[in-house]
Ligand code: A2P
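Just one chain is shown here, as structure tokens, and it is the form predicted on its own.
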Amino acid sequence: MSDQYVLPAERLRELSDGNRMPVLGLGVWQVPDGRECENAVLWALEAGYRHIDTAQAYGNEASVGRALQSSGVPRDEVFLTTKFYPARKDPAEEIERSLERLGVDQVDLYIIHWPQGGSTWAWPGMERAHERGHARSIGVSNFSTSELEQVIGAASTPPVVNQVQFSPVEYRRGLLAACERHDVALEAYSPLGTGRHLRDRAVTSIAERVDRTSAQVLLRWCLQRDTIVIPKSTHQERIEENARIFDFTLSDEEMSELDRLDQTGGTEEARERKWW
């Protein structure tokens, strides 16, 4: 990150490779390529976000790149993530295409989107992308404990992040514990359950108690579980609202109440069922 703009310490996570990653980011999954995606990224950067998460499979890397360039925010102040689409053959080749679409020389984090075809086959290509300087850090997404450990066992440069579906309703305690054991940061996607969790009675009750929105409560829970979190929105007011999660704390009782919403049984799996 640049010396010109330094996020407060509580908004950064030091990864096992020494790089620092903002704990709050904007995800652009399911945001169409074009003005809608560009606006979301611009609004996020204006609201103080310094972490944007996209993927080859999303088809919107070019929009993210245009927004970054037009924002006026220096490149080295934004932590940029993209993901390798594992239906392709070589992560090291694919990242070069991503860099062209994004209009950058390097991403801050490059991760395998899901373990299609097995957990380890793509890792040598990820390491080549890292060695060539195209990615400052490398990691995985949607990897279970066993899949994560297989990568670690085969790696010269181990993954520093595992991005998974994670929220009070998907409180994957076993997987979180495994990530902590291996010094891998767990990054939570779909922390709001694509909106479903916002209406849960326990969530709305706590939100009323602490005078916050349901979204802020769910995101704060993720931070207090020591995860990185990337909510997605295309509405400016919600993007701004989701950033206001650093000035309050949930009590132990409130955290426990949210913990009880888990429907995964504290699993070590990244997903209840595969989609690939």
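Predicted, not measured: the structure shown is a model, and the values here were computed from it. For every residue, the number given is its place in the sequence shown, counted from 1.
Just so you know, the form predicted in complex with adenosine-2'-5'-diphosphate exists too; it's not on screen, but the next bit is about it.
Student: With adenosine-2'-5'-diphosphate left out here, work out from 142 to 150, 108 to 116, 191 to 199, 69 to 77 which stretch has heavy atoms within 4.5 Å of it in the model of the complex.
Tutor: Single hit among the candidates: 191 to 199.
Student: Taking adenosine-2'-5'-diphosphate in the model of the complex as the reference, which of Arg225, Arg212, Arg238, Arg244 has a non-hydrogen atom within 4.5 Å?
Tutor: Checked against the cut-off, the match is Arg238.
Student: Can His51 be called a contact residue for adenosine-2'-5'-diphosphate in the model of the complex at 4.5 Å between heavy atoms?
Tutor: Because no heavy atom of His51 falls inside 4.5 Å of adenosine-2'-5'-diphosphate in the model of the complex, the answer is no.
Student: Would Pro231 sit within 4.5 Å of adenosine-2'-5'-diphosphate in the model of the complex, counting heavy atoms only?
Tutor: Pro231 belongs to the contact set for adenosine-2'-5'-diphosphate.
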